[in-house]
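For reference, the chain that follows is the form predicted on its own, supplied as structure tokens.
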């Protein structure tokens, strides 16, 4: 596989306020064309990290390289959806988007064309000439998202992009993020909604108390935290199995919790030897939410 180039590199970055570390010795890379999850509980240092990447605040130590440049140099090639939203409420939607794109160096005609196309994509074309304040909270959220990408950035940093959206619009925004990735955009996604991280992210970084706790491909992290559980569906009766410490049943479906070190293959063999019909046998991976809690609690006790 061809080596991907890095679009964002954070190396040994530290930031403290009044002697308290907000970010400490943070290292990570984001590669071109990936959706990267930046995760952590409230107060973990995510927003501080994003603000340093965006050159809103400076690190006390370490280096940040954005699109091959210093953060301040690269800023106009980055799209940023901040957690604290803000739009010009009295301006028409289209005029707001064109103005914001022009601030990032986009020619007016190009900005207008791109803004109209994006509004149509998120089903807001009919609202283009209405003032921002006439839109519902969810609609304003979609406009804010478009504002972060109307200037056609190479790198997008989205802080809680699904906030305030109903399930239909969550799906719409997920589709837009996948399309942007297909177009070669690099996306840093920060959200508390772990199911959306699982659906969209290639790799993740979990930070807690300003330090990296988990970092790497999502699939590998899920395998590392595999809880030794198996999902089984059979019309037969099961009350005990070698290598299984707990059996939970729901009709013909079972969830088996394996003893530490017990191989799932041996459990399947025992089921087959009993002559039980197997409709489903799947090794379950831990949900990301569970991994998140386990990792953060582990840090508390460290």
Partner chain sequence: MRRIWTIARHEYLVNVRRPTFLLLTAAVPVLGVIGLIVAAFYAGQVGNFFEKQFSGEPEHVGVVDQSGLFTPILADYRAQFYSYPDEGQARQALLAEKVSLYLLIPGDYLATGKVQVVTQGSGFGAATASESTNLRRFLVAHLLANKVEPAIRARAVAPLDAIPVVLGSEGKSTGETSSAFFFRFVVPYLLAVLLVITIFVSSGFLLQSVSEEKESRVIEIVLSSVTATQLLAGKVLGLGALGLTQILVWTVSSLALGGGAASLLSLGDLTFIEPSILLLAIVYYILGFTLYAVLMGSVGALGTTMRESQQLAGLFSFGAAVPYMLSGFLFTNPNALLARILSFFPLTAPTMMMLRLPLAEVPTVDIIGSLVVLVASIPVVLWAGAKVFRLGLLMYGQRPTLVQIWHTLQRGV
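Bear in mind that the values here come from a model prediction, so they are computed numbers and not experimental data. Residue numbers count along the first chain shown, from 1.
A second form of this protein, the form predicted together with its partner chain, is not displayed here; the remarks below concern that form.
A residue is said to contact a partner when one of its heavy atoms sits within 4.5 Å of a partner heavy atom; residue 106 meets this definition for its partner chain in the model of the complex.
A residue is said to contact a partner when one of its heavy atoms sits within 4.5 Å of a partner heavy atom; residue 100 meets this definition for its partner chain in the model of the complex. In the model of the complex, none of the heavy atoms of residue 270 sits within 4.5 Å of a heavy atom of its partner chain.
Although the partner is absent here, residue 75 lies within 4.5 Å of its partner chain in the model of the complex, judged by heavy atoms. Among 85, 211, 178, 229, the residue placing a heavy atom within 4.5 Å of its partner chain in the model of the complex is 85. Of the residues given (54, 70, 266, 238), 54 alone sits with a heavy atom within 4.5 Å of its partner chain in the model of the complex. You can rule out all but one of 27 to 35, 61 to 69, 46 to 54, 248 to 256: in the model of the complex, only 46 to 54 has residues with a heavy atom within 4.5 Å of its partner chain.
Contacts to its partner chain in the model of the complex (heavy atom within 4.5 Å) from stretch 16 to 30: 18 only.
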